[in-house]
Each structure stands twice: as C-alpha cells, then as structure tokens.
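The same protein chain appears twice below, in two forms, each given on its own as structure tokens and labelled structure 1 and structure 2.
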Structure 1
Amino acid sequence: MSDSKENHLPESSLPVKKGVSVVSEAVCQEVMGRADAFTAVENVFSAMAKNTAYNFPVIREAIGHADALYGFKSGFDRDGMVLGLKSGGYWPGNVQKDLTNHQSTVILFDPDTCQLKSLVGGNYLTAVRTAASSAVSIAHLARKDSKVLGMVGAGHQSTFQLRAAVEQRDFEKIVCWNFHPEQIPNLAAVAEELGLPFESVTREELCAQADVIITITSAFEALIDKDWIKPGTHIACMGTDTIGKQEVDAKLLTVDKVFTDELAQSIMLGEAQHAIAQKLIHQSDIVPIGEVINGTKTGRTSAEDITLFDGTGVGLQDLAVASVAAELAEAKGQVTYFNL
C-alpha cells in the first residue's frame, strides 16, 4: 500500500512567490550606477547585432492634450531573458509643475510565463541609459586622444550625458551651447564638480573646438552645419527620436561613417530620417553599433574619420537597465511587492 504523501514536496521546499516587485525612482537612483548602465546597454547592442534581441515596433503619438507625446517601446532579449515595455512620453509643461518633462515606467514580464514580474520607475533610467548609449559610442568610435567635449543642449539629460562621457576619454575642457542660455549654468556646475574648465560658446565655435560632440535637444531644425565639423570629430546625436525632429544638417550624415543603435528606427524617426528622405544616403550606409562591439564591422579607421552615432533610443535599452536595477534592488532588499 503506497504512502499518499510520497509524491508531495514539503511545503517549506516549494518556491516562494513574492509577487510583483516594485522599484521606485529613488531606489533606481540609489542602486543603478553609470558603470552598470554602460555594461547593460553595450551588451544589448551586441545582442541586437547578433539577432538574439529584438525591438518591437514603436508607438509614439501626439495625444492632442498638453502638447504631449506618448508611446510604448518594447522588445525581448533572448540572451538576457528580458521581456517587457516602457510606457511614457514627453510632457513639455511638466517643468512648471516641478516635474521632469520626460515621464515613463518600465514593465517587465516573466518570459517563460508572461506573468507580470516588475514595475520599475523609468525617469532616471531613461536618462542614465541614454547617457550610456552615447558613452558606448564614444568608447568605440571617438579618437583616443579626444580632449574637448562639446555639449549642444543643457537641459535635464545633458548632465547625465556629461558625467557618462567624461568617463570614456581624458577630456580637458567642456564647451557648450544651448537655445536657452539660462540653463547653461546647471551644466557648468557639473563641469566644475568634475574639475573641468567650461565655456559657453556659439555653435560654430563649439564645432571648431570639440573632438567629441553630443547633441541632446528637442530641436526640429538643424543646429549643426556640416561645414563646421572638423576632421576626426565624433558626433553623438541623442535627441532625435520622433518623426520631424532634427539636430544636425542632413548632409552631415554623408560623412565618413554613420552608426546607430537600431537601423529601422534610425531611418524612420532618428537623425537619419532626413538624409534618407533627401536621398543623400542609403540604408546600407548606416552600421548598427553592435556590429562594431562584436567585431563584425569596423568603426573608426583613422584619426581623420568623422564618425556619427544616431542614438534613437530603443526599448531594449530601457528593459536592460530596468532588469539590472530590479535585480540590484532585490539583492539589497529595497523592493516592495504586491499581488494582482
């Protein structure tokens, strides 16, 4: 006669289900550093180039209220086993409410069951992953002897960009231009904190001095002319993520080498959209930066090359940093849980 209990595990040996984890904005800022973000973004660019990570079609629309843009970015990273989406957008009036204009939340699912896994604050992570993206481009494409960093834009995300960029090269000076000059002191204060000389200049002067240029604006017109760029410059265009936006002269994308985070987004809503529309370049002229990371395509080949990175911002970046933030927060006991 068999024991009816022999096929049942003791209750204590069953896996404990804690529920859906919640990682707040404050916790994200505490646990997620620039080094972790850099590694997460670099790894996901590599996976995308190997076709083991996929971004799904982006939804981004003007909602007809508050001059806002709202949308979803989603994807699946099979290497990292990360599935989910980021939902949010750009609310230009938020600054009057003491809120950042960019608002978002990352939602992660268990890729084996599609059960809701985590809710992660996305505002800080959006800024830190965008900065990590340009930093990855600098690490792989900028000249090793780059000394002057040019910042076009001095808004909320510019401070993240500056901090991440200076960790990739031994910059000796920061030059900056911004449409709203009253915002420049905020970026100057970060440069002072980092011990770097800072100068507010015209756009043309910035291009004449800078070895690396980061554009991080919400512009809908070219701010940088092709003829201003000197040989050997690396340009990271980080602000154009919507149809119609533009930061640099479309002819600038006819430079020696153009790279991007994701080709489909680059030609549809990134900086390359204008050069493609004007038939100045072909899709085949743009190289995913993951190919450079993986060594399957070359990056910079000479000190004279002008390189441009079209950083459109892909959902997989958000999922990668959110997944790492959730893991770090859970390991430190800084998450809360709930059950649906």
Structure 2
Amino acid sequence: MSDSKENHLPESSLPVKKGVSVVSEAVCQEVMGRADAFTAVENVFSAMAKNTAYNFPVIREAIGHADALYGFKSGFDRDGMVLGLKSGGYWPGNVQKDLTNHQSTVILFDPDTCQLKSLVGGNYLTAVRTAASSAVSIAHLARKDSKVLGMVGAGHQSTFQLRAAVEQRDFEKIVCWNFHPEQIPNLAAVAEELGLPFESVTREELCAQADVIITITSAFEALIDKDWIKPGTHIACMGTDTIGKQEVDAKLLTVDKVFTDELAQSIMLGEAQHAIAQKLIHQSDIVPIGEVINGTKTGRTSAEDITLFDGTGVGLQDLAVASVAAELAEAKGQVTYFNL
C-alpha cells in the first residue's frame, strides 16, 4: 500500500539522489574517532550474536603478481541496514613506492535496492576498527583494576591498539616487546604523548607485569608461553588473521575463558586454529563476544580468571565503521558525489 502511495508522490517531494558518495582516506581520518568506532564495532558484534548480522565467506588469494594477496570480506547487518564489502590485500612491494602494504576500499550498497551507495577509503578504518575490537574485549573482559598494559608488537597497527586500549582502563604503565627492536621507539613515542611510562622488556617479563596483553604481530610461531601468564590476565590476540599464523602457545587457548569476534574465523584462521587442530579445545569452548555484550553468556567470573580474545577481524566491522564514517562525512559536507 505504502509503496503505491510513494510511487505517486510528486517529483519535488521525492528524496534527492545525490549519487554515489566518495569518502577519502583523509576525510575518514578527520571524521572517524575512536569512540564512534568502538560503538560501531560493539553494536555489530552484538548483532552477529543475535544472528541479525552475517559475514559471508572470505575470499583471499595469491594473485601471482607483485607477490600480492588479494581478497574481499563481505556481509549484511540487518539491524544497522549495512550491506557491502571490503576489498583489498597485501602488496609487499608498496613500501618501496611510499605506500602502505595493506590497501583496502569499502564499498557500500543500499540494502533496499542494491544500488551503489558509497566508496570509502579502508586503510585508516581497518586500523581503527581492529583497535576498537580489542578495546571492546578489554571493556567487557579485563579486570577493572588492570594497571599494566603489555604490547607484543610495535608495527603499524600497534599505535592504534595502544591508543584505544588505554581508554578502557586506568593503565599506569606500558610494557612492550617487539621482534624488530628498532620499531619500539614509535610505540614509546605514543606512550609518552599519552603521559604513560613505557618500558621495553623480555616476553617473559612482559607477561609477569601485564594485566592486559595485546598481541599484534605477523608471527607464524608462538611468542607467548602459557606458563608465563599470571592469573587475572586478559589477552587480546589480534595479529593472527590467516591460516598458519600464530602468536601464542596453543595451550594458552585452554585458559579459563576464550572469546572471539566470529567462531567460524577463529577456528579456521584465528589463534584458535592451532588448539583446534591439536584437539586441545572444541569449538564449543569458544564464546562469541557478542554473547557477553548481549548478556546471554558470562564473561570474566573472577579476578583470577585468565581470559583470551581471539580477534580475527570480520568484514562486518569494516562495513560498520565505513557506514558511520560515510554518514558523518556526508553530514559535514565532506564527500564528493558521482553518478554511474
């Protein structure tokens, strides 16, 4: 009924179609803050757990050119009415061209018509949404009295991770270990800017001191032993997003409580892949963090619990932040439009 009414609206009262919006990397950086990213990611994890948002199977292929890995992640969030995909990959030669190795673009469609809505730069948003993911895990799973944050990794993502994490708890100190020691000063500079003492330590010392640990490396072998972790620690494993990668001892997945962004990815290409392959855990031992957000499953139950979050990075996170960035940019008149 309402459709036929709308079809007869005079042209002047129809919504003005401006065309496809383009939101540049620079504009994303200007409009998309950590608080908005946190809310967008928390909401989409919640929707995933309610089965109102779905990630579709991920495609990732070596293309046989430029040593590159290309792929796309797509999904639909029925609650947020966001449909689209992030396409991009890893081009190792980019660094010689003064470009970031990881390149991506988010493409958003109108869920009612499938018309192209927006093209949004995905590089900055990937870092922001990944940092928001571990921040959501800290907010819901780390002890409230956590004081020391341990950073394993000091590459591109690590500074975003640090900035987002320190907003969740009253951390008093940062400890760090990195495979490439020459990168550590980049992270130390951010800690200094945030007014937090920073210490470069061994991996074992990091685990002895830290109440919250973030791993964000491209390691293919375990860097953290289960025996090094003290009771009450929360660990957010954020680097393992591909089959074969690994940052922590597989036995660490047998700690009190293991959580993830998405179960299917966790057991296939996340940190849990190794514990599953070694039959140390069953997939039913892993809880989607959305269940904790929604209150349908418990998170930490005691100050002694060791909690682990396997943050694999899902397409819906990209779509969530890109959609908010596009809305904010459009509201501020910072987009350009084109018609196909």
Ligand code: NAD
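Reference numbering: structure 1, starting with residue 1. These numbers come from a predicted model, not from an experiment. Rigid core here is just the name for the largest C-alpha set that superposes within 1.5 Å across the two forms.
The form predicted together with nicotinamide-adenine-dinucleotide (NAD) is represented by structure 2; structure 1 is the other form. Once you line up the core between structure 1 and structure 2, the Cα of L280 stays within less than 2 Å of where it was. Fitting the two forms on the rigid core leaves the C-alpha of I306 displaced by under 2 angstroms between structure 1 and structure 2. A66: CA moves 2 Å or more between structure 1 and structure 2 after rigid-core fitting.
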